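Presented as structure tokens, the chain that follows is alone, the form predicted on its own.
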Amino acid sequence: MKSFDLVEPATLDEAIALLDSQDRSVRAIAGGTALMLMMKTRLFQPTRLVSLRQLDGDLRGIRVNEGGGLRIGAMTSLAELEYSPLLAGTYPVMSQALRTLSNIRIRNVATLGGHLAHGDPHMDLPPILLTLGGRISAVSRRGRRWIPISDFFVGYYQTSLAKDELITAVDVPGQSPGVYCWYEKFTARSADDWPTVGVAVWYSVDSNVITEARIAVSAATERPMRIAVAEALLINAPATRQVFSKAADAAADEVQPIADLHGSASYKREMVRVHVRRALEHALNSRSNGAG
């Protein structure tokens, strides 16, 4: 591993000033769980790392935002999210997913901002945040901008975050009482492994008719993405197994799976079909049983 500079700014402004919009070898580091692995394998060789561990204030913690949802500081650890009663009461789908997101050692160190900025398509939270309608606060010397999660992931390990921008928070809007949510994680190995396929669903029902629907798939695809064709089949349809199966078939036909160590493209396509249907059914059943 080549030598590099490690700097630890005390304020957000200092951290931003140390980033370089033109130099790919200068990077911010939060928990470092993914970045350190890339450095050890020499996939990334930095000249400067800007440590964010001393940054405090609004970059940490969970608070209610103006819309009745939550604003989560980028430096909040995944373990803090997992054990937060506020998160569990507002977005139980996120709390449930965090229980099998890697292992507790990783969750104690990894941060929400780092989880998103890494751009790995195998992460668990991005598809959930896609369906919940989340947005990301990104700050640079040019000021702050809000990026919808739907515009944040643009390719394989690629995001729309500029090299001199830092994620400072994630805003998730409040959810109405009639919404059904679920995250279905399928792994080929242990439950806390990276998903082979991740499926998040969100839909609202009025008089047993689906009025709005969001379906997001990750891990099988090069980036977390919504499946518009499947969503359209659900709207104005009854919440039944037959309708869910048709939407799952449409999702499987629409995705362009990527082959990797977790499975072949054809295998992942079938797993998308299976787990979109299961996610839609589990969302309905969880509400019926009082768990959603």
Partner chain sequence: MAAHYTESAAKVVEPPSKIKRKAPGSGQVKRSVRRLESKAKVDGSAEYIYNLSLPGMLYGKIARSSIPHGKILSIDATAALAIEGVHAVITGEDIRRLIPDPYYGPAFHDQPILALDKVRYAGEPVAVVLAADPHVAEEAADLIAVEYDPLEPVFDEVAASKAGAPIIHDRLRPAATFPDLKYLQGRSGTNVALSGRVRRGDLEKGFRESDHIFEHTFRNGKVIHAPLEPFVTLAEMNGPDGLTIHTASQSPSFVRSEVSRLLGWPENRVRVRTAFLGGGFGGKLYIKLEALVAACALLVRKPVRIALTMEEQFYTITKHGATVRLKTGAKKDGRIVAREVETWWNGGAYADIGPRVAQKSGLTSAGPYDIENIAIDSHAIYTNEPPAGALRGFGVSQVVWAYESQADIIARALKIDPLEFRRRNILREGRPHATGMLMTDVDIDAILDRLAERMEWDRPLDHGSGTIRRGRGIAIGIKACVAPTTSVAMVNIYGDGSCGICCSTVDMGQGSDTAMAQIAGELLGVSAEAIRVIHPDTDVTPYDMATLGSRSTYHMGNAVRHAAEDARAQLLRIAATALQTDIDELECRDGAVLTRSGARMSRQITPFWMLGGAGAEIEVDTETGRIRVTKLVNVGDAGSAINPDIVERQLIGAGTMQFGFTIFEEMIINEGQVVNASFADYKIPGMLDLPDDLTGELVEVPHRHGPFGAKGIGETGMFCVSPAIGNALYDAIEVRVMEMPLTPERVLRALRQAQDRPLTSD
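Positions refer to the first chain, counted from 1. Note that the coordinates shown come from a computational prediction; the quantities given were computed from them, not determined experimentally.
One more form of this protein, predicted together with the partner chain, exists but is not displayed; see below.
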- Message: Would you classify residue 23 as touching the partner chain in the model of the complex, given a 4.5 Å non-hydrogen atom cut-off?
- Response: no
- the partner chain contact in the model of the complex: residue 193, any heavy atom under 4.5 Å: yes
- Query: Quick one: is residue 278 in contact with the partner chain in the model of the complex, heavy atoms, 4.5 Å cut-off?
  - Reply: yes
- residue 61 near the partner chain in the model of the complex, any heavy atom under 4.5 Å? no
- Verify the flagged residues 206, 232 and 239 against the partner chain in the model of the complex: is each one within 4.5 Å by a non-hydrogen atom? no
- Partner-proximal stretch of 179-187, 135-143, 163-171, 211-219 relative to the partner chain in the model of the complex, 4.5 angstroms, heavy atom: 179-187
- Counting only heavy atoms, which residues in 250-282 are within 4.5 Å of the partner chain in the model of the complex? 261, 263, 264, 265, 266, 267, 270, 271, 274, 275, 277, 278
